[in-house]
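Shown next as structure tokens: one chain only, the form predicted alone.
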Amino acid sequence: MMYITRRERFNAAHRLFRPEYSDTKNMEVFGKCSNPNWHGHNYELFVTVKGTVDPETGFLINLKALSKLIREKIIQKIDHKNINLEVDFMQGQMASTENLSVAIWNELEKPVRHLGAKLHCVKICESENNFVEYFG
């Protein structure tokens, strides 16, 4: 089994909060991430796919096609946006990086299969110290 990873980047704002909580409780639970005026990150997205190498091309997957897919399904919808308010695949969800990784997986899983590979992992680096990996 071969694995290959494509990295993309995006910038986005979000807020972690529960509307039924008071401002005080949101601050206790979510800290600075509950800022009512939002906050943002310079995210790195790593999409790892797996499969067998095509003996004719020597490729597991055409990386240009994978990059185009990620840009169309994810980056164009999220880059320089407010995740809570503007990103269709995050509507009705807490805008945590954990939930974001699952939502991105759900957006990419079937289209990656159409490119001849299987989605293995979605990794999102929110900061230099924090990242999430989701394996489906």
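The first residue of the shown sequence is 1; numbering continues from there. On a predicted model such as this, the values are computed, not experimentally measured, just so you know.
Same protein, other form: the form predicted together with a further copy of the same chain, not shown, and the subject of what follows.
Mapping the unseen interface onto this chain, residue 114 falls outside it, with no heavy atom inside 4.5 Å of a further copy of the same chain in the predicted complex. Heavy atoms of residue 110 never reach within 4.5 Å of a further copy of the same chain in the predicted complex, leaving it off the interface. Interface residue remark: residue 98 is counted as part of the site for a further copy of the same chain in the predicted complex, having a heavy atom within 4.5 Å. By the criterion of a heavy atom within 4.5 Å, residue 89 is excluded from the residues contacting a further copy of the same chain in the predicted complex. Taking a further copy of the same chain as positioned in the predicted complex, the residues of 1 to 19 that bring a heavy atom within 4.5 Å of it are, in sequence order, 1, 2, 3, 4, 5, 6, 7, 9, 11, 12, 13, 16, 18.
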